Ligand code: ATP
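Encoded as C-alpha coordinates, the following chain is the form predicted alone, with no partner shown.
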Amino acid sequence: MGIIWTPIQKQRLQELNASEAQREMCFESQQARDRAFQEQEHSLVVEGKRRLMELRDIKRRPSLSVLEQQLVEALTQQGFVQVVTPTIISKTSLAKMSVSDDHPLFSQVFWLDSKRCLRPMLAPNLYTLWKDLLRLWEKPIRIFEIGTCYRKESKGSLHLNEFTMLNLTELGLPEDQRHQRLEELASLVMETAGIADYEMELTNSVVYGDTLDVVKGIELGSSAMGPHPLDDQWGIIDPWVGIGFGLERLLMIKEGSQNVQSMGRSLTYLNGVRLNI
(Lines give C-alpha, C1' and ligand atoms only; values in the text may rest on other atoms or scores of the structure.)
Protein backbone atom coordinates (compact mmCIF):
# COMPACT_ATOMS: atom_id res chain seq x y z
CA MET A 1 0.00 0.00 0.00
CA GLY A 2 1.33 3.42 -0.99
CA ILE A 3 1.72 6.52 1.14
CA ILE A 4 -1.39 8.72 1.21
CA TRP A 5 -2.02 12.35 2.11
CA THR A 6 -1.78 13.40 5.73
CA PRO A 7 -5.14 14.33 7.33
CA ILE A 8 -4.19 18.03 7.16
CA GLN A 9 -3.22 17.75 3.50
CA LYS A 10 -6.40 15.89 2.61
CA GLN A 11 -8.53 18.45 4.45
CA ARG A 12 -6.83 21.29 2.60
CA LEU A 13 -7.39 19.61 -0.76
CA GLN A 14 -11.07 19.14 0.04
CA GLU A 15 -11.38 22.80 1.05
CA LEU A 16 -9.91 23.75 -2.33
CA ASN A 17 -12.39 21.47 -4.13
CA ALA A 18 -9.85 18.95 -5.36
CA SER A 19 -11.34 16.11 -7.36
CA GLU A 20 -11.81 12.66 -5.87
CA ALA A 21 -8.91 11.39 -7.98
CA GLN A 22 -6.66 14.11 -6.56
CA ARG A 23 -7.71 13.35 -2.99
CA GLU A 24 -7.10 9.61 -3.38
CA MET A 25 -3.57 9.76 -4.83
CA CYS A 26 -0.87 7.43 -3.45
CA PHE A 27 2.92 7.87 -3.39
CA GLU A 28 6.10 5.86 -3.00
CA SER A 29 7.62 8.17 -0.40
CA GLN A 30 6.76 11.02 1.94
CA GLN A 31 9.01 13.30 -0.08
CA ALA A 32 7.09 12.52 -3.27
CA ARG A 33 3.81 13.04 -1.46
CA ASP A 34 4.80 16.42 -0.02
CA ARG A 35 6.13 17.62 -3.36
CA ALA A 36 2.91 16.54 -5.07
CA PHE A 37 0.87 18.32 -2.39
CA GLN A 38 2.67 21.60 -3.09
CA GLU A 39 1.98 21.16 -6.80
CA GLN A 40 -1.68 20.26 -6.34
CA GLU A 41 -2.31 23.04 -3.86
CA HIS A 42 -0.68 25.60 -6.14
CA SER A 43 -2.76 24.46 -9.11
CA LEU A 44 -5.99 24.62 -7.12
CA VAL A 45 -5.15 28.05 -5.72
CA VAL A 46 -4.47 29.39 -9.23
CA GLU A 47 -7.82 27.99 -10.40
CA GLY A 48 -9.60 29.51 -7.40
CA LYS A 49 -8.12 32.95 -8.09
CA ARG A 50 -9.16 32.64 -11.73
CA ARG A 51 -12.75 31.88 -10.70
CA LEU A 52 -12.82 34.84 -8.30
CA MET A 53 -11.57 37.16 -11.05
CA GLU A 54 -14.24 35.76 -13.37
CA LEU A 55 -16.90 36.49 -10.74
CA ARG A 56 -15.69 40.08 -10.38
CA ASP A 57 -15.20 40.84 -14.07
CA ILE A 58 -17.83 38.75 -15.88
CA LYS A 59 -20.43 36.87 -13.83
CA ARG A 60 -21.03 39.45 -11.09
CA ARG A 61 -23.49 37.12 -9.29
CA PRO A 62 -22.80 33.91 -7.32
CA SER A 63 -24.04 30.63 -8.76
CA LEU A 64 -26.59 30.18 -5.95
CA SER A 65 -28.33 33.43 -6.87
CA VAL A 66 -28.21 32.61 -10.59
CA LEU A 67 -29.74 29.16 -10.02
CA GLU A 68 -32.51 30.67 -7.90
CA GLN A 69 -33.35 33.13 -10.67
CA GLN A 70 -33.32 30.39 -13.32
CA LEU A 71 -35.70 28.26 -11.24
CA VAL A 72 -38.07 31.18 -10.64
CA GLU A 73 -38.23 31.89 -14.37
CA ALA A 74 -38.73 28.24 -15.30
CA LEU A 75 -41.49 27.64 -12.75
CA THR A 76 -43.41 30.86 -13.38
CA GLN A 77 -43.37 30.10 -17.10
CA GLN A 78 -45.08 26.80 -16.24
CA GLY A 79 -47.88 28.54 -14.36
CA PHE A 80 -46.50 28.33 -10.80
CA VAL A 81 -46.87 31.31 -8.48
CA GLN A 82 -43.92 32.23 -6.27
CA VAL A 83 -44.68 32.93 -2.61
CA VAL A 84 -42.54 34.39 0.16
CA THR A 85 -43.36 33.34 3.72
CA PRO A 86 -41.90 33.99 7.21
CA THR A 87 -38.67 32.38 8.34
CA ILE A 88 -39.90 32.29 11.95
CA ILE A 89 -42.71 29.79 12.52
CA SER A 90 -44.66 28.66 15.55
CA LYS A 91 -44.21 25.46 17.54
CA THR A 92 -47.88 24.75 16.86
CA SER A 93 -47.34 24.96 13.12
CA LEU A 94 -44.42 22.56 13.35
CA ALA A 95 -46.43 20.16 15.51
CA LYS A 96 -49.04 19.98 12.74
CA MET A 97 -46.29 18.44 10.61
CA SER A 98 -45.94 15.76 13.36
CA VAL A 99 -42.68 17.36 14.57
CA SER A 100 -43.43 17.27 18.31
CA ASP A 101 -41.05 16.87 21.26
CA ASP A 102 -40.38 13.18 20.62
CA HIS A 103 -39.90 13.49 16.84
CA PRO A 104 -36.38 12.81 15.40
CA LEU A 105 -36.34 16.24 13.73
CA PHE A 106 -37.27 18.14 16.91
CA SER A 107 -33.72 18.16 18.29
CA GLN A 108 -32.42 19.65 15.02
CA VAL A 109 -34.67 22.70 15.23
CA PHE A 110 -33.24 26.12 16.14
CA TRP A 111 -35.63 27.34 18.84
CA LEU A 112 -35.92 31.08 19.51
CA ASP A 113 -38.06 30.58 22.60
CA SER A 114 -40.63 28.09 23.89
CA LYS A 115 -43.10 28.89 21.11
CA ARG A 116 -41.11 29.98 18.05
CA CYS A 117 -38.31 28.56 15.89
CA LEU A 118 -36.45 29.09 12.63
CA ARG A 119 -38.22 26.99 10.04
CA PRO A 120 -36.54 23.64 9.32
CA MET A 121 -38.73 23.20 6.21
CA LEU A 122 -41.03 25.23 3.97
CA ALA A 123 -44.04 22.89 4.08
CA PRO A 124 -45.94 24.28 7.13
CA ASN A 125 -46.29 27.71 5.55
CA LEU A 126 -47.30 26.28 2.18
CA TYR A 127 -49.99 24.18 3.85
CA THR A 128 -51.33 27.37 5.46
CA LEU A 129 -51.44 29.17 2.12
CA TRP A 130 -53.21 26.22 0.49
CA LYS A 131 -56.01 26.44 3.03
CA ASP A 132 -56.76 30.06 2.14
CA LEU A 133 -56.07 29.86 -1.58
CA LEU A 134 -58.59 27.03 -1.94
CA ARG A 135 -61.26 29.65 -1.16
CA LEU A 136 -59.85 32.20 -3.59
CA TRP A 137 -58.43 30.40 -6.62
CA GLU A 138 -59.62 27.69 -8.96
CA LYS A 139 -57.81 24.36 -8.86
CA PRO A 140 -55.17 23.26 -9.55
CA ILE A 141 -53.25 25.59 -7.26
CA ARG A 142 -49.58 25.73 -8.20
CA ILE A 143 -47.28 27.57 -5.79
CA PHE A 144 -43.60 27.40 -4.89
CA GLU A 145 -41.16 29.01 -2.49
CA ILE A 146 -37.39 29.37 -2.49
CA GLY A 147 -36.09 30.27 0.94
CA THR A 148 -33.64 29.60 3.72
CA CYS A 149 -34.25 26.76 6.18
CA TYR A 150 -32.34 25.90 9.34
CA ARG A 151 -31.41 22.60 10.95
CA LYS A 152 -28.77 21.51 13.43
CA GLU A 153 -27.37 19.06 10.91
CA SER A 154 -24.37 16.84 11.56
CA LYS A 155 -21.23 18.46 10.25
CA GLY A 156 -19.95 16.94 7.04
CA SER A 157 -19.51 17.48 3.34
CA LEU A 158 -23.24 17.07 2.63
CA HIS A 159 -24.94 19.07 5.40
CA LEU A 160 -25.47 22.72 6.27
CA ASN A 161 -27.09 24.36 9.28
CA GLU A 162 -28.42 27.10 6.98
CA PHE A 163 -29.51 26.00 3.52
CA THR A 164 -31.71 27.08 0.61
CA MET A 165 -34.78 25.04 -0.23
CA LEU A 166 -37.06 25.02 -3.25
CA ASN A 167 -40.48 23.55 -2.53
CA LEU A 168 -42.95 23.39 -5.42
CA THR A 169 -46.47 22.11 -4.96
CA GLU A 170 -49.57 21.42 -6.99
CA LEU A 171 -52.93 20.98 -5.25
CA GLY A 172 -56.10 19.70 -6.89
CA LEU A 173 -54.83 17.52 -9.72
CA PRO A 174 -56.37 14.15 -10.70
CA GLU A 175 -55.22 11.46 -8.27
CA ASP A 176 -54.15 9.07 -11.04
CA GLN A 177 -51.75 11.69 -12.45
CA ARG A 178 -49.69 12.25 -9.30
CA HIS A 179 -46.72 9.97 -10.11
CA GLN A 180 -46.45 11.29 -13.65
CA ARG A 181 -46.66 14.87 -12.40
CA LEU A 182 -43.88 14.32 -9.87
CA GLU A 183 -41.62 13.00 -12.61
CA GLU A 184 -42.46 16.01 -14.79
CA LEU A 185 -41.68 18.47 -12.00
CA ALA A 186 -38.43 16.69 -11.12
CA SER A 187 -37.43 16.81 -14.77
CA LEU A 188 -38.20 20.53 -14.97
CA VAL A 189 -36.01 21.37 -11.98
CA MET A 190 -33.14 19.09 -12.94
CA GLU A 191 -33.10 20.33 -16.53
CA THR A 192 -33.10 23.93 -15.30
CA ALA A 193 -30.21 23.13 -12.95
CA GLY A 194 -28.28 21.48 -15.79
CA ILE A 195 -28.12 18.01 -14.25
CA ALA A 196 -28.77 14.86 -16.29
CA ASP A 197 -28.74 11.10 -15.62
CA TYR A 198 -30.46 11.26 -12.23
CA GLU A 199 -32.71 8.58 -10.74
CA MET A 200 -36.01 8.52 -8.84
CA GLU A 201 -35.79 6.22 -5.81
CA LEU A 202 -38.42 5.16 -3.29
CA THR A 203 -37.31 5.87 0.29
CA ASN A 204 -38.69 6.90 3.69
CA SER A 205 -39.00 10.35 5.26
CA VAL A 206 -39.29 11.10 9.00
CA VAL A 207 -42.15 13.49 8.17
CA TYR A 208 -43.98 12.10 5.13
CA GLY A 209 -43.26 8.37 5.34
CA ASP A 210 -42.73 6.82 1.90
CA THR A 211 -41.31 9.38 -0.53
CA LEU A 212 -39.81 9.43 -4.00
CA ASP A 213 -36.32 10.94 -3.94
CA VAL A 214 -34.33 12.53 -6.75
CA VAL A 215 -30.85 11.04 -6.59
CA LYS A 216 -27.55 11.46 -8.39
CA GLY A 217 -24.96 9.95 -6.08
CA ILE A 218 -26.62 11.83 -3.22
CA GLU A 219 -30.20 12.87 -2.47
CA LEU A 220 -30.97 16.10 -4.30
CA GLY A 221 -34.71 16.28 -3.79
CA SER A 222 -37.53 14.54 -2.00
CA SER A 223 -41.18 14.35 -3.03
CA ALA A 224 -44.49 13.52 -1.39
CA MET A 225 -48.12 13.29 -2.40
CA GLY A 226 -51.57 13.44 -0.90
CA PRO A 227 -54.10 12.69 0.30
CA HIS A 228 -51.80 12.21 3.29
CA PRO A 229 -52.50 11.77 7.03
CA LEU A 230 -50.95 15.19 7.70
CA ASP A 231 -53.59 16.86 5.51
CA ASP A 232 -56.24 16.59 8.23
CA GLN A 233 -54.34 19.10 10.38
CA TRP A 234 -54.83 21.72 7.66
CA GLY A 235 -58.27 20.79 6.36
CA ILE A 236 -56.89 19.65 3.00
CA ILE A 237 -58.82 16.91 1.17
CA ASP A 238 -57.71 17.31 -2.47
CA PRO A 239 -54.98 15.22 -4.13
CA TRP A 240 -51.64 16.98 -4.34
CA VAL A 241 -47.96 16.57 -5.13
CA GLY A 242 -44.96 18.37 -3.72
CA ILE A 243 -41.23 18.15 -4.23
CA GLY A 244 -38.38 19.88 -2.41
CA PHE A 245 -34.78 20.43 -3.49
CA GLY A 246 -31.69 21.67 -1.69
CA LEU A 247 -30.18 24.29 -4.00
CA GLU A 248 -26.68 23.97 -2.55
CA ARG A 249 -26.71 20.23 -3.27
CA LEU A 250 -27.88 20.87 -6.82
CA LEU A 251 -24.94 23.24 -7.32
CA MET A 252 -22.55 20.79 -5.68
CA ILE A 253 -23.41 18.13 -8.26
CA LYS A 254 -23.62 20.52 -11.20
CA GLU A 255 -20.22 22.10 -10.52
CA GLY A 256 -18.44 18.98 -9.27
CA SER A 257 -17.75 20.43 -5.84
CA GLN A 258 -16.51 18.16 -3.06
CA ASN A 259 -18.37 19.79 -0.17
CA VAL A 260 -21.70 21.54 0.12
CA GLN A 261 -20.27 24.26 2.40
CA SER A 262 -18.55 25.81 -0.61
CA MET A 263 -21.93 26.27 -2.32
CA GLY A 264 -23.83 27.91 0.55
CA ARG A 265 -23.97 31.21 2.38
CA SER A 266 -20.50 31.70 3.79
CA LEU A 267 -17.77 34.04 4.96
CA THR A 268 -15.18 31.36 4.13
CA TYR A 269 -16.15 30.64 0.53
CA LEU A 270 -17.25 32.94 -2.28
CA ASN A 271 -19.02 31.30 -5.22
CA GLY A 272 -17.45 27.96 -4.38
CA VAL A 273 -13.91 29.28 -3.90
CA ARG A 274 -12.09 29.06 -0.55
CA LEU A 275 -10.94 32.57 0.36
CA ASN A 276 -7.80 31.65 2.33
CA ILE A 277 -5.77 31.17 -0.84
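All residue numbers refer to positions in the sequence shown, first residue = 1. All values reported here derive from a predicted model rather than from experimental measurement.
Below, we turn to the form predicted in complex with adenosine-5'-triphosphate, even though it does not appear here.
Using the partner position in the predicted complex, report whether residue 222 sits within 4.5 Å of adenosine-5'-triphosphate, counting heavy atoms only. Yes, residue 222 lies within 4.5 Å of adenosine-5'-triphosphate in the predicted complex.
Just to confirm, residue 142 within 4.5 Å of adenosine-5'-triphosphate in the predicted complex by heavy atoms? Close contact is absent here: in the predicted complex, residue 142 is far from adenosine-5'-triphosphate, nothing within 4.5 Å, heavy atoms only.
Mark residue 130 yes when one of its heavy atoms lies within 4.5 Å of a heavy atom of adenosine-5'-triphosphate in the predicted complex, and no otherwise. No, residue 130 stays farther than 4.5 Å from adenosine-5'-triphosphate in the predicted complex.
Is residue 106 close enough to adenosine-5'-triphosphate in the predicted complex to count, meaning some heavy atom within 4.5 Å? No, residue 106 sits far enough from adenosine-5'-triphosphate in the predicted complex that none of its heavy atoms falls within 4.5 Å.
Using a 4.5 Å heavy atom cut-off, which stretch among 77-85, 96-104, 145-153, 194-202 contacts adenosine-5'-triphosphate in the predicted complex? Flagged stretch: 145-153.
Proximity to adenosine-5'-triphosphate in the predicted complex, single hit among 48, 246, 239, 242 (heavy atom within 4.5 Å): Spelling it out, the residue with a heavy atom inside the cut-off is 246.
Among 182, 123, 160, 71, which has any heavy atom within 4.5 Å of adenosine-5'-triphosphate in the predicted complex? It is 160 that has a heavy atom within 4.5 Å of the partner.
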